[in-house]
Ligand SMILES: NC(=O)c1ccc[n+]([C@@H]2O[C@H](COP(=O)([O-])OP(=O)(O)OC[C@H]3O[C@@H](n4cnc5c(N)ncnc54)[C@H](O)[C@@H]3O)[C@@H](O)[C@H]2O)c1
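One chain is shown next in structure tokens, namely the form predicted alone.
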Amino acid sequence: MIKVGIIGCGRIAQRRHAPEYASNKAVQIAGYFDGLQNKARELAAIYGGTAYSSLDEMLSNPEIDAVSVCVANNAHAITTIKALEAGKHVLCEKPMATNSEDAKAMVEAAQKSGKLLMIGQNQRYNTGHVRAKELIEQGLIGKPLTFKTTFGHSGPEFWVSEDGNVNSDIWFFDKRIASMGAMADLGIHKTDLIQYLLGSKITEVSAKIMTLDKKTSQGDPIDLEDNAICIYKLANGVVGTLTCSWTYYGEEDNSTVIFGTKGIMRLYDNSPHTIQIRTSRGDKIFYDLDTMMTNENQLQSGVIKEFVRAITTGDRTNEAGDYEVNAIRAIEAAFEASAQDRTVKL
């Protein structure tokens, strides 16, 4: 039985980490810590375990094997490194860090400790994405040439609302805490995914990053981006676009399209099929596997299951490493490219 602690008891812990750990028979939730102690106590009352008064107190408990780091973006690196140094396996929410130097330090801390570090990039665990990667590697659509990947919804203020009332004064919109906006919330998912699907690192970035609509409760534009459009070039020569947005006020879009020399593959494009393939010979191939999780339709993310499996079996296929650090570097490069109106090479 793996005993876990949850650090940060906000919405991501409430809606994903805690219930997914609780449903896993190989896990016992042993403790919780949050700067707002009432949040830790609330989760403890639901799932059992101890609400700790300090992070050090939780990490000093030798019975806790692993922790989920669910704090705000700017505390991911320092909290993760502290937990690794305390001898805990760590599952850190995305974005891994707010800069690539911190991301690299996290990987180095994991290597030094010998403990597992995983990042909550849940899209790579979707059944459709796992199958798509297999099909691409098998050559079903030939050699990938280009892609377009999109993640857009109406914004995090709808996600964090606990009482149904939209709140524009949230940490997601505070640059001191979040560091980045839609790119940290959504863009990092698709940046990680495209490297995963195509088995290659991003090497060049062009981008336009902007704030178009989101406002604070005082009516001022937020000081973080609510939209970004990037052009990524990968080491294997594939080129494509990434679009992320907090201003898709209709249907959520979480789709990816891969264009190859022998066909086109569409993933999670709000059609009845998980994967749609049209080949150059005229074949139409459909896979009905699973549906994409949305803010309104919360499903098992697959991250907790993989984290527990990796600890239990010792198979660290999805541990954080060069690809995860490179994804953060690509995000950094997008901001640099947008600010300087040029292409940035990683």
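Given the structure is predicted, the values throughout are model-derived calculations rather than measurements. Throughout, we count residues from 1 along the sequence that is shown.
Same protein, other form: the form predicted together with the ligand, not shown, and the subject of what follows.
**Student:** Let me know the one among Ala110, Val71, Met118, Leu193 whose heavy atoms come within 4.5 Å of the ligand in the predicted bound form, would you?
**Tutor:** Contact with the ligand in the predicted bound form is made by Val71 alone.
**Student:** Sort through Ala75, Leu135, Ile231, Leu198 and report the residue having a heavy atom within 4.5 Å of the ligand in the predicted bound form.
**Tutor:** By the 4.5 Å heavy-atom cutoff, the listed residue in contact is Ala75.
**Student:** Which of 320-328, 20-28, 7-15, 333-341 has heavy atoms within 4.5 Å of the ligand in the predicted bound form?
**Tutor:** Partner-contacting stretch among the options: 7-15.
**Student:** Is Tyr52 close enough to the ligand in the predicted bound form to count, meaning some heavy atom within 4.5 Å?
**Tutor:** Result no; Tyr52 lies far from the ligand in the predicted bound form.
**Student:** Find out whether any non-hydrogen atom of Asn126 is located within 4.5 angstroms of the ligand in the predicted bound form, and reply yes or no.
**Tutor:** Output for Asn126 is no: heavy atoms all beyond 4.5 Å of the ligand.
**Student:** Is Gly35 close to the ligand in the predicted bound form, meaning a heavy atom pair under 4.5 Å apart or at it?
**Tutor:** Taking the distances in the predicted bound form, the answer for Gly35 is yes, it comes within 4.5 Å of the ligand.
**Student:** Glu225: heavy atom within 4.5 Å of the ligand in the predicted bound form?
**Tutor:** No, Glu225 stays farther than 4.5 Å from the ligand in the predicted bound form.
**Student:** Does any residue in 175-200 get within 4.5 Å of the ligand in the predicted bound form, counting heavy atoms only, and if so which ones?
**Tutor:** Sequence-ordered list has one entry, His189.
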